[in-house]
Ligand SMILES: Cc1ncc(COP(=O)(O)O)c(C=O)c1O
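Just the one chain here, the form predicted on its own, laid out as C-alpha cells.
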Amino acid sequence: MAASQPFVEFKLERLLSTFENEVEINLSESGVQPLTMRELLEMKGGDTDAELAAVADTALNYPQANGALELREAIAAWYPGATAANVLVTVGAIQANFTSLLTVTDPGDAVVIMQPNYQQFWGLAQNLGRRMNTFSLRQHRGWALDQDELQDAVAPDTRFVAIVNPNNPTGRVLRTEERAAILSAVERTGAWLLSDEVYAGAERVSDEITATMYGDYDKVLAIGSTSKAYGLPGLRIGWVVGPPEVVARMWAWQDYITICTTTLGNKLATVALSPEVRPQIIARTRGYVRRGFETVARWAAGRDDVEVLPPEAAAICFLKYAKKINSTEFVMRLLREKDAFVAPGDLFGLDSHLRVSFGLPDDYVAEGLARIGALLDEVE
C-alpha cells in the first residue's frame, strides 16, 4: 500500500460477514442453497454411509499445496487446452483474485475494472498502489456493456482488466460482440484479462454453461469457485486457470498467504467437480435459480416502486427501488425493523438498488421479499 494512500476497507464484505449469520431472513447470500455433505455424497452413488465414514476417517494433514492432482485435472478438463499445470487451487475465488493482481501487476500500474462488480478489486487495487479506472454496464440498455467507455478506459499503459461474467450483481451474461470488444481492448494494450466466472453453471435462461474466456487470448486468468454455482461455499475452494509460468508465480505468492487449502476441501471438491456429480449439481442449482426468480418476478409485478431486469444467470438480481432513501440506510433499517438482510447497491457503486438473493427455498425467499416490501411501504 502506498504510504500516502489511506486503507480502503472492503465495506461490502465486512457488512455481509457481520450480519449474515445473525439475521432471521438472509437474502444477501450470493449463491444457491448450500448442499449438505450427505447430499453431495449421495450424488456420487453407491453406499453413502460408507462414503461418509471414509470422510470421517480422513487424516487432517496438509494437502498438495497447489491443489490435489485429481482436482486440478477435473478443473482443467473444462478449459480448452488446459492441463493440471494451468490450474492453481486457492482459498476461494477471493484469494485467486488477490494473488492474480499481485502476480501480474506492480505498484503504479494501471488497472481497469468493470462496474458494477463484486467490489474486491475496487479497494484492493487502491490498497496495493495501482492506478484504477472503470467501465460500465448500463442499466438503461439492459446492463449492456458500454463499449465506448471500455475503449476509453483501457489506455495504452493498462496492465490488467477485470470482468465478471456472468455478472455480479446483475446476472447478465456478456454477448458475443461484447466479449470481442473486451478481447480487442486487452489485445491492443497487451493487458492481462482476469475473467471471474464463478456463476458459470448457474444459468437461468440457457441450458448451456457460459463459455470461459480462457483460450480466447494468451493472457487470460480464468477464476472459478465451488461457492456460487455449486452450493458449496463452506469448502472455500477456488481456482485460477492461466499460463503455467504465471500460475507457478501465483503459487509462490500463495506460499506466503495461505500455503494451501484444506484436505477435506480438496477431497469433497473433487467429488463435486467429477464428471458424474457436476451435472447433478448444475441441474440442482438451475432449479433453485429458475424457481426463485419466478418468486421475485411475481412479487415485483405487484409493486409500482421496484424494477428488476431479469438476470440471465446467477442466484441474485439487482433490484431498483423508487423511494428516496440511501440503500445502506435502507438495509440497516431492514435489519433493525424487519430482521431481514440484503446487500446495498451503493456498495456496488449504484445507489437506489438492492442485491437480492433468490436461490433459496421458495417460502424463505417470499418471506424476505415481503419484509422488503413492508419496509418500502413505510419509507416516506
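Numbering starts at 1 and follows the sequence shown. All of these numbers come straight from a predicted model, not from anything done at the bench.
In what follows, reference is made to the form predicted together with the named molecule, a form of this protein that is not presented.
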So which stretch, 161-169, 211-219, 128-136, 254-262, is the one near the named molecule in the model of the complex (non-hydrogen atoms, 4.5 Å)? 161-169
Suppose contact means a heavy atom within 4.5 Å; in the model of the complex, does that hold for all of 63, 266 and 270 with the named molecule? no
Is residue 94 part of the interface with the named molecule in the model of the complex - any heavy atom within 4.5 Å? yes
How about residue 48: is it within 4.5 Å of the named molecule in the model of the complex, going by heavy atoms? no
Evaluate residue 230 for contact with the named molecule in the model of the complex, applying a 4.5 angstroms cut-off between non-hydrogen atoms, and reply yes or no. no
Contact between residue 236 and the named molecule in the model of the complex at 4.5 Å, heavy atoms? yes
Find the only residue in 26, 33, 352, 30 having a heavy atom within 4.5 Å of the named molecule in the model of the complex. 30
Which residue among 240, 71, 112, 198 has a heavy atom within 4.5 angstroms of the named molecule in the model of the complex? 198
